[in-house]
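Here you get one chain, nothing else, as structure tokens; it is the form predicted on its own.
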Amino acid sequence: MDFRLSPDDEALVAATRDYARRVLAPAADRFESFTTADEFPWDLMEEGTALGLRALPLDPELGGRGADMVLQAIVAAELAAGDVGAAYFFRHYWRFARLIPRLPSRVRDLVVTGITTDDRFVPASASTEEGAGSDNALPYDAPGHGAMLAARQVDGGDWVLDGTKTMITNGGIASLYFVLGRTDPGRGIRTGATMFAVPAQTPGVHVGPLYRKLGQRGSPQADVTFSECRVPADFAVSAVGEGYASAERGLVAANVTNAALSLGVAEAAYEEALDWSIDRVQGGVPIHRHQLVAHDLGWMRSHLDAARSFLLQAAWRYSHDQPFDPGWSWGVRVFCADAAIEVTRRAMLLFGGRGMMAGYRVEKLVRDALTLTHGNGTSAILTARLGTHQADARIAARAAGSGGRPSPEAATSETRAELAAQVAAGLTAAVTAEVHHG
């Protein structure tokens, strides 16, 4: 594995780091305080847009850079070290850029034109519902469970959507929602859901107030209701019944960059703690000279290095392994989120009472870190999926008579069918390993 970047990519990383430190980090109060979509700090995103960060993974012929996952992960970490909400803003575009080869032509044109020419174009994914969070993420594959927003086809082939999605990232500022709807409620979510592209100005789309959150306050979230919302037939962006597979492909990639966001937050907290330990004098010496402080600094650095190594390997595999084993994405997201929580906690403690005071950056970073365990499924759910995934591979190896330890891609369809049957008994679902890069 070669993680080295080209000179041009190194220059982009350096420019992103400068932008994050000079523009994003000092604007913490603005990211923390806006309460309506109209107050979203668009001006703070302008320099990042000019750097090409929104179009980072798009093919060059479409106006992007064609960045692989390694470059995306490194850039995401640099942005998150400035502000994790702003990092989510740019990272969200990358998620939908990967869908472009699979999109119907009208939707593809909307997305490509929006990303490359419209500074106010924002995509959003709408899957979570009041009764469907972990049931989407596992998934619990049974009728009546998972996303149940109704999608029915009417005369002329158009689709009509009815239902509410909750806690939708970019809710209120989004131009285009990618909505997971249940087209066959008599089937489980794996085969009973379809993905639709719904422009925000479509009649019947209603956005609720922004949520007030512990952290990630620069990333707006709101409930979005679709009431008799009619969309054209060719705005179904997956085949009928294949919406879950489409969503899962995007989530596998997003887990890797979510891990990068966690690393960026943790790195920022470590830098704050390191500088503080040099400047703060207690007991007659800078506090880094005290053994307990030195121990914590060493612990943080070693765990950050381990997290970065895990992240780079997962990112490289995403871009180069065929097919990519999704277990890498689940594992790295959980590991880096856990590392962020512990690193920011230790950093906060080194500040003493100041660590919990608003106005000290480390306090914000602790809050941001605590919110990073819920992206694309909770850390507990993703860890459970990883464990089941490994068991799936071992069962497949035994069935094949190899007795060895093949990669999880070797799991047979029969093995998956057996595991799907276990879901009905209340056990954790296995996920297919055949995830394409998309």
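Please read these numbers as outputs of a predicted model, since none were measured by experiment. Numbering starts at 1 and follows the sequence shown.
Here the subject shifts to the form predicted together with a small molecule, a form of this protein not shown in this document.
**Prompt:** Looking at Ile168, Leu149, Leu176, Leu99, which is the one with a non-hydrogen atom within 4.5 Å of the small molecule in the predicted bound form?
**Reply:** Contact with the small molecule in the predicted bound form is made by Ile168 alone.
**Message:** Going by heavy atom distances of 4.5 angstroms or less, which of Gln221, Ser246, Ser277, Thr183 would be at the interface with the small molecule in the predicted bound form?
**Reply:** Partner contact (heavy atom, 4.5 Å) among the options: Gln221.
**Asked** Based on heavy atom distances of at most 4.5 Å to the small molecule in the predicted bound form, which listed stretch, 312-320, 354-362, 132-140, 336-344, is the contact stretch?
**Response** Within 4.5 Å of the partner lies stretch 132-140.
**Message:** With a cut-off of 4.5 Å between heavy atoms, is Ile381 one of the residues that contacts the small molecule in the predicted bound form?
**Reply:** Yes, Ile381 sits close enough to the small molecule in the predicted bound form that at least one of its heavy atoms falls within 4.5 Å.
**Message:** Can you tell me if Gln216 lies within 4.5 angstroms of the small molecule in the predicted bound form, counting non-hydrogen atoms only?
**Reply:** Yes, contact at 4.5 Å.
**Message:** Residue-level contact is defined here as any heavy atom of the residue lying within 4.5 Å of the small molecule in the predicted bound form; does Pro57 satisfy this criterion?
**Reply:** Output for Pro57 is no: heavy atoms all beyond 4.5 Å of the small molecule.
**Asked** Is Asn258 one of the residues lying within 4.5 Å of the small molecule in the predicted bound form, judged by heavy atom distances?
**Response** Asn258: no, not in contact with the small molecule in the predicted bound form.
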